[in-house]
Ligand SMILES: Cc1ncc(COP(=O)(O)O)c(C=O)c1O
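First comes one chain, alone, set out as structure tokens in the form predicted alone.
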Amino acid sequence: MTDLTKEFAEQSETLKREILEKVSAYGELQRQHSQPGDFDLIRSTFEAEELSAAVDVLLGGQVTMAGKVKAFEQAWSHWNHSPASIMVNSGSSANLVAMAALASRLSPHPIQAGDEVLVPAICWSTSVFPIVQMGAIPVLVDIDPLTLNMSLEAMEQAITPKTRGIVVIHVLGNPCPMREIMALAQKHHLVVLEDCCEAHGATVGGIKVGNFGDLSSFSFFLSHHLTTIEGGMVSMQNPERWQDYLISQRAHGWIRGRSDEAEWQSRFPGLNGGWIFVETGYNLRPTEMHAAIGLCQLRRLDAWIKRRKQIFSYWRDNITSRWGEQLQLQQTLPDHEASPFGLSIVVQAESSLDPITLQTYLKSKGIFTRPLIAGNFARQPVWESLNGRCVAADGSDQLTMADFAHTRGFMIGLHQDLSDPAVEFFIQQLAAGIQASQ
């Protein structure tokens, strides 16, 4: 190393250290003067550590998917007790690459055009769209009115010889009865995609969600338990079966990073190196910056989930004891433990409360509401173009329970930074809003 090169390296390292110290100081200052208690549906949870980690990546030069992404995938798998995971650029992309892997032409029994895939009627758009994008037919299944998750009875009614898979959604962090669902799937030889985008850390019989289905998806959007700004993860129980498909689907359909990369190269010696395409893949790769943020957030995730549970329990106990005959809250099954993403409220049919009036009042006090995910997806204009069908517990196409939750229900955002006064403020304003809405 020449003297000039050495001087440049020393100056660069000194400036980098000064920049990171300033970024850290800025993050600490912002955190000290932030105003927890806001009931925004989306808010930042970044601290000095995340800001420094992100800037460090930018200053380092290696910003596209590399070592930090790999480290976050391994750390996430360890935290969630999953055999393996791959990171993508969003929870929606996680659903897409998972469904594409399930439909891969290289898969032993792929989902094919014309096959049916069950999905709960209360869902998000990108739990439905990947089914359609694979050429399959989405079947909206009515919900259990108490858990707001897909009804087991309706699920059984919906299965036909054309049914090939199930998309299970743990609505607002409330885990589905996965043991029963997996038994049903095994009975009918169905693949299961477990959508855990709202349910980090929820458990069934002590087992974290994401460890029951063939594949599972998680979202790390800004409003979720853990955030990488944009980001998502696909976890799997059988990496030997699924990991190579997922790797190809995540990046262009090529072989780079697959366990059988060398085998493909030997089969096609006339093609150059890793530029061999074996799937109809996408470009859904995350960045090193997103993974660096995720590694920081993951270290605090358990404490955040604990705080979310405390807030949810306080709200549930107060609301149930005071307004249990008017307001129905989402119920968790025995031996299941929720990891709350939000607080759902469904106004009982017998109540004189008007849900819209109640939501309007809460909004006037800075407490924002939104539909239960996207409401009954059969009511969305796009549904008419998707060639799907609907099934209720009685075998009809009337999604009565999902409709009721759609028209009488809404959710409140819940995050770990809510202070105790803010938690109590919500109960006070809910009481005033109920009085104003009657």
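Each residue number is its position in the shown sequence, starting from 1. Every value quoted in this text rests on a predicted model; they were computed, and no experiment measured them.
There is another form of the same protein, the form predicted in complex with this ligand; it is not shown, and what comes next is about it.
S.K.: Which one of 163, 359, 211, 90 is close to this ligand in the model of the complex, taking close to mean a heavy atom within 4.5 Å?
M.R.: Contact check passes for 90.
S.K.: Among 405, 391, 69, 373, which has any heavy atom within 4.5 Å of this ligand in the model of the complex?
M.R.: Exactly one residue meets the criterion: 373.
S.K.: Decide yes or no: are 84, 242 and 258 jointly within 4.5 Å of this ligand in the model of the complex, with each residue judged by its heavy atoms?
M.R.: No, the whole trio is out of contact, none within 4.5 Å by any heavy atom.
S.K.: Looking at the partner-bound form in the model of the complex, is residue 231 within 4.5 Å of this ligand by any heavy atom?
M.R.: Yes, residue 231 lies within 4.5 Å of this ligand in the model of the complex.
S.K.: Taking 4.5 angstroms as the cut-off for heavy atoms, does residue 288 touch this ligand in the model of the complex?
M.R.: The answer is no: residue 288 has no heavy atom within 4.5 Å of this ligand.
S.K.: Residue 345: heavy atom within 4.5 Å of this ligand in the model of the complex?
M.R.: The answer is no: residue 345 has no heavy atom within 4.5 Å of this ligand.
S.K.: In the model of the complex, is there a heavy atom of this ligand that lies within 4.5 Å of any heavy atom of residue 351, even though the partner is absent here?
M.R.: It does not: once this ligand is placed as it appears in the model of the complex, residue 351 has no heavy atom within 4.5 Å of it.
S.K.: Can you pick the stretch from 274-282, 106-114, 144-152, 123-131 whose heavy atoms fall within 4.5 Å of this ligand in the model of the complex?
M.R.: Only one stretch qualifies here: 123-131.
S.K.: Within 176-212, which residues come within 4.5 Å of this ligand in the model of the complex, counting heavy atoms only?
M.R.: Those in contact are 195, 197, 198.
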